[in-house]
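First comes one chain, alone, set out as structure tokens in the form predicted on its own.
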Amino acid sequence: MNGKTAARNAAHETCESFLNGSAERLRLAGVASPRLDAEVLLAQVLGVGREDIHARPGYFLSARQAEAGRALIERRSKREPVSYLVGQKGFWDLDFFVTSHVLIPRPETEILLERFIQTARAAETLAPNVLDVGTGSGNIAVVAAREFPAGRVTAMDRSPAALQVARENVRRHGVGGRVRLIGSDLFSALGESAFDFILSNPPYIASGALAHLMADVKDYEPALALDGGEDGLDIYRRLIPGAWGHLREGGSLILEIGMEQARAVSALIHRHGGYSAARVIKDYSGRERVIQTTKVSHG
């Protein structure tokens, strides 16, 4: 088929016909939500919402639109995440800019933020000083800053590329004056700073399990944000004692954890000796998702 023929055929393709063919292509590739993904990608190409596509199924795509749409469908068929293809992901009630340099924000992390907000409000801490360790896209830091306009947030990451993404999200959501971004491997660049809350969604997947993750994750999301070492606990072994030195007395450490890690992470907290007994918080599916503890002594 020559270029003119291809362009002529593309010009006669409607939203509905494009979606039908694309959904089938994605279904055959093993994508879990082929129709939804096709709609999201076509909406991205057209610069409209999915509801606009539903309202105009007979809209004819231009040759350029059809070509751009097919290119995105082809990338998705190779399991590249939709969030990277469209450059954003919804989290909390916000849209976050994302690239392949950061972990895609997930609903599970909202449990960590809910626990932080509940604890701060219960203590009437309306201007908390918060540290977000391993900020990635900056989703935790941005939400913390928006929920407590009088508070201050420091967001750290050891990846310069991740910090660039976080910087864009801080700017996008208007919290630049209250979120400080720092390049640091855990606490190395903090000096003597002390915080009311330290929050983190660290890498917690065991190295040997990475190869068994779905292709969307293992082939595209950054290993730096996933790999937790041989047993998935490497970062916790450093983070728990390091956080103690940067929490105020009575300050809270709130961590996201992987499935079946609650007992092991709780043991690390207990072994340190300077924290209260760990509290495990479950997500809405009943999975142990977050651990919270409080600095109670000088160790």
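Don't overthink the numbering: it's just position in the shown sequence, from 1. In this text the structure is predicted, and so the values were computed from the model without any measurement.
Unshown form predicted in complex with a small molecule; subsequent notes refer to it.
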property: Heavy atom within 4.5 Å of the small molecule in the predicted bound form - residue from 175, 163, 225, 205; result: 225
property: Partner-contacting position among 125, 154, 109, 88 - heavy atom within 4.5 Å of the small molecule in the predicted bound form; result: 109
property: Options 190-198, 117-125, 76-84, 131-139; stretch whose heavy atom lies within 4.5 Å of the small molecule in the predicted bound form; result: 131-139
property: Contact of residue 103 with the small molecule in the predicted bound form (heavy atom, 4.5 Å); result: yes
